[in-house]
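First, one chain by itself in structure tokens, the form predicted alone.
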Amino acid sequence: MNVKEAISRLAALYPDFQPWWEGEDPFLVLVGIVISQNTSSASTRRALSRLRERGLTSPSAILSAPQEEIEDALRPAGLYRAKARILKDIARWAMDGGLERVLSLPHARAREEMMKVRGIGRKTADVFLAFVASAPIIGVDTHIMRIGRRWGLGTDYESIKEALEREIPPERRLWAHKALISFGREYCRARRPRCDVCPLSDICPKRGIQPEL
């Protein structure tokens, strides 16, 4: 797959985007990334709104709130029990100065430190550091993982991340992260990918895509 050509074409489709995290407290950005796992953007926004309505926007507020209250706020985003437990762990870590520490570290070291916290994996750490610390890295979510496999860039998180970062300049990686997610939702879908109208169909190897019967 010619990644440079693919990214060039995506730039015409998705020239820019409005960052939702600008002006947000880093802790709330991290909360939003956790909530967004395995759910839609609309459901993430609803859950965040419910947290705000209940005043659950700081580490201390989340730590002091009953587990059931956090679960109820997160209910629109699904997996609300697991996500509520993760938010409690992250809040405890943040109260201990974890956020300030990682934001003062080099990106690679910050990633390692974040991944020591239960509930923070590679994708959550990478997306947070790209959004909040301007780290020149691409977080590989489920959409980007699917696209990377179909493009033949690799089979796991790190191989796809490295393949994309080799071809995409550091200053374009945050945009590319958002553009690839949009492309995955609109064209390169998990079920019934829209290959017939995809702007990359002529250069895509389409690996793993089963033909329609």
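So that there is no doubt, residue numbering starts at 1 and follows the sequence shown. Treat the numbers as computed from the prediction; the structure is a model and nothing was measured.
If you look for the form predicted in complex with the DNA, you will not find it shown, but the lines that follow are about it.
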Practice task
Consider the chain as shown here, without its partner, and state which of 38, 49, 155, 58 has a heavy atom within 4.5 Å of the DNA in the predicted complex.
Solution key: 38
Problem - Of 109, 101, 75, 92, the one that lies within 4.5 Å of the DNA in the predicted complex (heavy atoms) - result: 75
Exercise for the section: Decide if the three candidate residues 81, 117 and 185 all line the DNA in the predicted complex, where lining means a heavy atom within 4.5 Å. Expected result: yes
Practice task
Could you confirm whether residue 181 comes within 4.5 Å of the DNA in the predicted complex, counting heavy atoms only?
Solution key: yes
Problem - Residue contact check: residue 9 to the DNA in the predicted complex, 4.5 Å heavy atom - result: no
Problem - in the predicted complex, residue 136 touching the DNA (heavy atom, 4.5 Å) - result: no
Exercise for the section: Considering only heavy atoms, tell me if residue 146 and the DNA come within 4.5 Å of each other in the predicted complex. Expected result: yes
Completion exercise
Residues in 93-129 that come within 4.5 Å of the DNA in the predicted complex by at least one heavy atom, in order, are 117, 118, 119, 120, 121, 122, 123, 124, 127
